[in-house]
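One chain follows as structure tokens, the form predicted on its own.
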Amino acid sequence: MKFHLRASFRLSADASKAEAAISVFFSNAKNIVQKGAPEGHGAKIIEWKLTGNRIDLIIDSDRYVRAHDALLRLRRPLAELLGNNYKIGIRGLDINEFQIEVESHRDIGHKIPYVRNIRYEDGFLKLELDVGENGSLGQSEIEKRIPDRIVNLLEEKLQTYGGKSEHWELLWESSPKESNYNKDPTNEMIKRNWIKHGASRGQWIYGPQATQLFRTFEKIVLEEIIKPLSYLEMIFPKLDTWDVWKKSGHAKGVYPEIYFVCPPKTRDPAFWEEVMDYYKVTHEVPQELIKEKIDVPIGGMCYAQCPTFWGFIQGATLPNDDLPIKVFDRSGTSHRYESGGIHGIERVDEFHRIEIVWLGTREQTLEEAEKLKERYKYIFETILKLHWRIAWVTPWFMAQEGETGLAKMEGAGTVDYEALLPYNGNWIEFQNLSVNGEKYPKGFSVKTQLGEPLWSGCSGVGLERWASAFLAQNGLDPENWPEAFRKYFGNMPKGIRTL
């Protein structure tokens, strides 16, 4: 990896009288720009030149002390030299040219922020960053380490090119269950008028029968998990702003899967009059005209339920006596744009979940995760009587950042619960449980009273997925359902008939 940087220090006054001292400074600057690098590595000042109130520099480097870091390292001692001895300050930095070379076995067709041009040559990707008077990379971006993020992004793209399989490791599988049912439950629910397609893609309208099935799953979760483990109900917002997703980590990769939320530019009826008039005349909604009148997205519809919870305790210090904190939310729908992968009720854009969240010390968080696993096992084995299995998978917070394998924090990670679909022989993920380590508490600046690291976990109960797994193995006729489940369900509602 190579870096080539042309930059300037802007001074508060003409520094001609300090030229000799500046010359000595740069002659001895090796210790500054190569500190911490292996012998023979680091940054090198190729050239410097004083012109009135500017010092122009050319810096070349390798990965050990990158050129922009060397520039920042030089700023403070140079400012002390000029300030203490000549009453001259450093007003700022100008980036005049910045080139980066990264070893690669191939070209890359991606557009990268702050990169003006990128080409593949002699086993290197050569990047020309967008600098200069009209460029976007300046002092602020250098101080924010934007070049490092560009390199990290590039290496991630090179590493994940062509797709990289995520980790999956079978932990446990139940004994096979006898089942004479082999039909797609979604198709059967449609035939029986339990469900109908909604107006939007990946959306269903659930009739009384399907709704009672969902409510039964909720009742089981409440009676078998929430009450015994003493969880408290909350209502989490269902609109996630960018600020929430930045802190939760979702902002790194959520964009292809979210429904964006855009507010109107104004609520003034006069501003919208032409839209309303167009509809009155044509009975068509002028979508292109509306697009001109809505503002930029402020975020998106709920993608994963738990991030908005953290705003309740953001920046807080929690008393250790109150840990672990255990809450859940079941107040609304979640939304994900599933592209071409929507199928039946198990893969939809609008879905219903119960989100379980807990946080405490590392030991408390891991202990609570085990308690939840025991309760799930009881439900799936004794009440729903499913053929199911558990797998250790790549945690969401690693998969979303382009990483695979197991979690970096010992004890953290995700388990998926999968059920067999007899009608096609596939397994469906119908439940998950994640121990997220310190990720959320650190992201939202939440601490414990005694300063111990705070951990958290979350587990989503997807009602559509539970229904798909249960009905695929047990069918739609209550007489074929497990007795323990029928007791929770009660009598089948009559439903709505049409002629």
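Each residue number is its position in the shown sequence, starting from 1. The model shown is predicted, which means the values in this text are computed figures rather than measured ones. Heads up, when I say rigid core I mean the largest set of C-alphas that superpose within 1.5 Å between the two forms.
Below: the form predicted in complex with a further copy of the same chain, not depicted.
The partner is not drawn, yet in the model of the complex one stretch among 196 to 204, 421 to 429, 178 to 186, 364 to 372 has residues with heavy atoms inside 4.5 Å of a further copy of the same chain: 196 to 204.
The candidate spot formed by 208, 270 and 330 is fully in contact with a further copy of the same chain in the model of the complex: every one of the three has a heavy atom within 4.5 Å. Of the residues 171, 229, 262, 81, just one reaches a further copy of the same chain in the model of the complex with a heavy atom at 4.5 Å or closer; this is 262.
Only one of the listed residues (313, 125, 90, 142) places a non-hydrogen atom within 4.5 angstroms of a further copy of the same chain in the model of the complex, and that residue is 313. a further copy of the same chain in the model of the complex comes within 4.5 Å of a heavy atom belonging to residue 234. Using a 4.5 angstroms threshold between heavy atoms, residue 301 counts as touching a further copy of the same chain in the model of the complex. A residue is said to contact a partner when one of its heavy atoms sits within 4.5 Å of a partner heavy atom; residue 287 meets this definition for a further copy of the same chain in the model of the complex.
When a further copy of the same chain is considered in the model of the complex, residue 279 lines it closely, a heavy atom lying within 4.5 Å. With contact defined as any non-hydrogen atom lying within 4.5 angstroms of a further copy of the same chain in the model of the complex, the contacting residues in 465 to 499 are 493, 494, 496, 497, 498, 499, given in sequence order. Core-superposed comparison between this form and the one not shown: the C-alpha position of residue 195 differs by less than 2 Å. Once both forms are fitted on their core, the CA shift for residue 218 between this form and the one not shown remains under 2 Å. Once the rigid core is used as the reference frame, the Cα position of residue 145 differs between this form and the one not shown by 2 Å or more.
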